[in-house]
Ligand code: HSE
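Read the single chain below, which is given as structure tokens and is the form predicted alone.
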Amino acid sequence: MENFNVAILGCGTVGSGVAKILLDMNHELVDRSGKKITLVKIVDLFPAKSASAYNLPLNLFCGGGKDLTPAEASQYIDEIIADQSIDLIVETIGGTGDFLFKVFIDALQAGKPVVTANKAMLAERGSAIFETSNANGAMLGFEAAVCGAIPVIRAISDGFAGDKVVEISGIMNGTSNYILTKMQDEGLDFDTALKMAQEAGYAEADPTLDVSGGDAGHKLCLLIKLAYGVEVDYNHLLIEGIQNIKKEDIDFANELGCNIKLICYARKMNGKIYAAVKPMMVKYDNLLSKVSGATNCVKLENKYTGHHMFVGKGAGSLETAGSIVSDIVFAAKYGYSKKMNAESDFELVDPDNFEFPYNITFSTADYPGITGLVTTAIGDELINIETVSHNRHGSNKTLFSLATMPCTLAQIKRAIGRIRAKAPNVLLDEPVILPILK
């Protein structure tokens, strides 16, 4: 039987999970791929520490199991890329630096398939990587880069090859969803819910990439490329996080029959891409509103086959590793790469021109007739109002919100400008504007 030899670069949380699955499922993978998939080498700076997670054999580690210097690890990586007996490289080092970028390019230029969970690298520097993959006929597998164990990449690229994705909406960061669920269900403030997420192991000591929406933005860029064949610059994508969500926002959402979720949203219409990552009020009858805890969910609206939802664990050692092994089996079995050509003729729409129903929360001075002043300004911008909440008075200020019919953010901003012009000191804080996803 033909051998299919695999090397793993980086054996931390995910890499060690990949090694465990490859070793544990050796016989099953033969049946599924038609080849003997064998883990032959691992490069890691601290082999003993990495091996301990799943009791991995130290003899698989380059250097015989001793700690490596960065220079030694780099030399071993170069040898693996040059070794014609190694058929596929798994990259689980992580990061977007020049050294790792060169590893991707060198491996693909050598004709070796590369499988990775590195969403940041592919979202921020993926153009050259995808081009190199195409030019050399070397598969680039990244199922694990979006939502961990959920097979949404293959669903879009292969399962829906006979259809068109019209709209993407999803919860693609488990940390943020855990925090928002705690705020929703237990009435906690953001800081308390974040601390609980860190204690539960869902949030890093520095949670910025998760709570700012950056991690979700990386994933959305990859799904846009897959679904629409366009390459949206990560740095041009509207990304807003959950760090400014307050208890009163949760309360106003409940009044409207909504839960607040960090939503990845994209839609392609007439050559224009509407895309953003931001907190949205999601209606209870939208199943995304029911996704709780650290769970991820991707909802696709297709032209011919309608709505589809993919729900599961979006992170974790073995969860992410399972998707990587799936790509390894695919490469061993089929040995080809689907070309990822990117269309350049498209327009990324200014978020101010997105048309959504919106909820706007105002914090104002306790000003007689404030509701009338605000609703008049909204109406003057030809925005239809669906509902207005009761005013909440306290500490010499008033809190209230109103929900609009579909309109643009630009209209709302102009209405806020009208309010400030009419009563310059009435707005105590910047109004909180959240789209309503039905």
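Start at 1 with the first residue shown and count on from there. None of the values given here were measured: they were computed from a predicted structure.
Absent from the display: the form predicted in complex with the named molecule. The rest refers to it.
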Listed residue that, although the named molecule is not shown, lies within 4.5 Å of it in the predicted complex (heavy atoms), from Asn359, Thr116, Ser133, Thr175: Thr175
Contact residue in the predicted complex, from Val103, Cys297, Ile129, Ala315 (heavy atom within 4.5 Å of the named molecule): Ala315
Options 188-196, 264-272, 215-223, 91-99; stretch whose heavy atom lies within 4.5 Å of the named molecule in the predicted complex: 215-223
Close approach of Glu72 to the named molecule in the predicted complex, 4.5 Å, heavy atom: no
Contact label in the predicted complex: Glu143 to the named molecule, heavy atom within 4.5 Å: no
4.5 angstroms heavy atom contact with the named molecule in the predicted complex for Asp87: no
Contact of Asp327 with the named molecule in the predicted complex (heavy atom, 4.5 Å): no
